[in-house]
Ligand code: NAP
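What follows is one chain in C-alpha cells, specifically the form predicted on its own.
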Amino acid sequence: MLTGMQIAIIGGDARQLEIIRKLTELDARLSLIGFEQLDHAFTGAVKEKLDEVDFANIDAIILPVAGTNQEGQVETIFSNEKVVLTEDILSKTPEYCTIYSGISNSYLNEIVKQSKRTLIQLFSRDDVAIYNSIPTVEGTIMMAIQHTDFTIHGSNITVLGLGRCGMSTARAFHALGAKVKVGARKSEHLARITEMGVTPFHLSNIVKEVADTDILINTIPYQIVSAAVISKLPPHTLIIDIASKPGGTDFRYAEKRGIKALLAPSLPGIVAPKTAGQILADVLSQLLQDDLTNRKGKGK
C-alpha cells in the first residue's frame, strides 16, 4: 500500500489514467496537474494547477512517457494550459523526492541534477521495455496491414536492430509466415538471429541487403536508413520506423523517391493505451512501494 504518500502526476496521455487508477487503489494521495478536462473522477485524486500544488509535501513526481520537451513543457492532452517543469519546482520538493519519466532529455537531466533529485527513466528498465514490445509489435503489424496491398505471409521483411522491440518484431513477423532478415552489429546478436530461425546480416552490408525488401522496420534511434539505403529499396517498399523521435530514417529523401515512410514512436500509447498504462502502473507501484519502505526504514 501507498497510504500517506503524496504524488504529483503531471500531464500525459491515456496511459496515465491507468497509473492514476492503480495508485489510488493503493491509497496514495494524488495531485493531478494538467487534467482539468478529464471527466472521470478518482477517489483520492485532486485536480490542481501547477501553482496550486505544495511541492514541499510531494514525495514523488510522475511525468508522461516523453518527460518534457527541451523547454521544460510537459504534454497535457487533458488540458489546454501550458505546464512547464522547472528547477525551482523540483527544488521545493523534499530531498528524497524521486521523479519518474519514460525517457529523458538534456533539459530534464539538467534540472534534476541542479536540484539534486533522483530521476528514474522507466523505459531504461528491461522489464518495461520487454512488456512494451508486445503492443509495439501489434501496432507495427497493424500499420503493415493498413499501408500495403499484399500479405505479410510470404513478404520480405527487413528488421534493423535486435533490441527488445527488434527481437519481438522479428519473431512475430516470422511467425506470420514472412521471410525475415535482421540487421545487427554485435556478433552475439547475429548468433541470436540465427538461433531464432531468421536470416542475419551485418549492418555494414545494409545497402546490399535491403534490395528485395517489401517492408523495412527500423528500431535503431539514429539515421541508419539513409538516402543511400533508400535508393536501393524497391519502389513499393513500406518503411515503418518505430525508433524514438526523430527516428532513424531520412524521411525527406524517402518522400522524394516516392517511398512511403512512417514514423511511429510510442505505438503502445496509440494502439493499446490501457495495456501500456497497466505495464507502467505495475512497475511504478512497485518502485513507489520500495521507496516508501526505504524511507520508513530511515525514519523519513
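Residue numbers run from 1 along the displayed sequence. Just so it is clear, the structure is predicted and the values come from calculations on it, not from any experiment.
There is another form of the same protein, the form predicted together with this ligand; it is not shown, and what comes next is about it.
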{"property": "This ligand contact at S244 in the predicted complex, heavy atom, 4.5 Å", "result": "yes"}
{"property": "Contact label in the predicted complex: P268 to this ligand, heavy atom within 4.5 Å", "result": "yes"}
{"property": "H147, heavy atom within 4.5 angstroms of this ligand in the predicted complex", "result": "no"}
{"property": "Close approach of G177 to this ligand in the predicted complex, 4.5 Å, heavy atom", "result": "no"}
{"property": "Segment that reaches this ligand in the predicted complex - one of 88-96, 160-168, 69-77, 192-200, heavy atoms within 4.5 Å", "result": "160-168"}
{"property": "Answer option from V112, I220, I152, I206, heavy atom within 4.5 Å of this ligand in the predicted complex", "result": "I220"}
{"property": "Contacts with this ligand in the predicted complex, stretch 176-192 (heavy atom within 4.5 Å)", "result": "R185, K186, H189"}
